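Only one chain is given next, in structure tokens, and it is the form predicted on its own.
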Amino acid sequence: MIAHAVFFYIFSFIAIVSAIMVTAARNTVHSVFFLILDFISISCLFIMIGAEFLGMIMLIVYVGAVAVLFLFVVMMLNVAQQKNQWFGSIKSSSHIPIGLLISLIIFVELLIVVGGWKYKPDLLNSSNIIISQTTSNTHSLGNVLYTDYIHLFQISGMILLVAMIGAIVLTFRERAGLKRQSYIKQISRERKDGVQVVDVPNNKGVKIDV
């Protein structure tokens, strides 16, 4: 138990420091790297408290997809070399009051959520909950997801499929003048179509049509 507590505090300290460095780092690429470190530390904390499903989802979704997407966008836009002129320019500082207003609204919402969670009534008695020691959290979530909510799960998958097809259709452009490959013709080509045997007379060259 002592080793578990020590590792818990170590990962918590790394998560807090990396979260601070996300906003304090001057280089945007370094900020994204600290964000990835923060996600990994939080996923380790989830795994240590027994929520292995949430920990693996953090690693797969946030670290493997979202953070890598942020990193590619930052590197392609070359944000690290752009000068921070928002706070130095008077004409382009009109976004600061709007940002402060949105931040205040988000802070009030967080206070309401935390206060409601802390002072919520005891709607469910924990003594009535039956917890199986042989079934993990992932198996329990899978049983609920694929039995009670299987139709909603399939509908959400169909919505994501339609969104993916719609994005491909909207961004697809037919451009003329491009050389395209036909893989079926390349695979089905015979030897007589690709090789020509020429009987060359002695002491004479071969005329090649260019």
Partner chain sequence: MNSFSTLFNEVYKILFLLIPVLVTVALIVWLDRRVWAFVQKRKGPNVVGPFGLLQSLADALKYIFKEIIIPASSNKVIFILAPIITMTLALVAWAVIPFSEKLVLANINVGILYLFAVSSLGVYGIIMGGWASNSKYPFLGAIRSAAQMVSYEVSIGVIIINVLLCVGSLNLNDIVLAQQNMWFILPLFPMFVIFFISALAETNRPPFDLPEAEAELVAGYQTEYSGMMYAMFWLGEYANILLMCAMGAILFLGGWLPPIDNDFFSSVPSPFWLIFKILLLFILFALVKAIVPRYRYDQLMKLGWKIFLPFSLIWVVLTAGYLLYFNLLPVQ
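Take the two forms, superpose them, and find the largest set of C-alpha atoms that agree within 1.5 Å; that set is the rigid core. On a predicted model such as this, the values are computed, not experimentally measured, just so you know. Positions refer to the first chain, counted from 1.
Missing here is the form predicted together with its partner chain; even so, the following discussion is about that form.
Trainee: Among I168, L178, L160, I60, which has any heavy atom within 4.5 Å of its partner chain in the predicted complex?
Mentor: By the 4.5 Å heavy-atom cutoff, the listed residue in contact is I60.
Trainee: Quick one: does G142 come within 4.5 Å of its partner chain in the predicted complex, counting heavy atoms only?
Mentor: Heavy-atom contact with its partner chain at 4.5 Å: absent for G142.
Trainee: Taking heavy atoms only, is F107 within 4.5 angstroms of its partner chain in the predicted complex?
Mentor: Flag for F107 set to no.
Trainee: Please determine whether M48 contacts its partner chain in the predicted complex, using a 4.5 Å cut-off between heavy atoms.
Mentor: Residue-level check for M48: no, no contact with its partner chain.
Trainee: Wondering, does I42 line up within 4.5 Å of its partner chain in the predicted complex on heavy atoms?
Mentor: No.
Trainee: What are the residues of 22-37, in order along the chain, with a heavy atom within 4.5 Å of its partner chain in the predicted complex?
Mentor: N27, V29, H30, F33, I36 sit within 4.5 Å of the partner.
Trainee: Superposing on the rigid core, do we see a C-alpha displacement of 2 Å or more at Q186 between this form and the one not shown?
Mentor: For Q186, whose C-alpha is compared between this form and the one not shown after core superposition, the shift is 2 Å or more.
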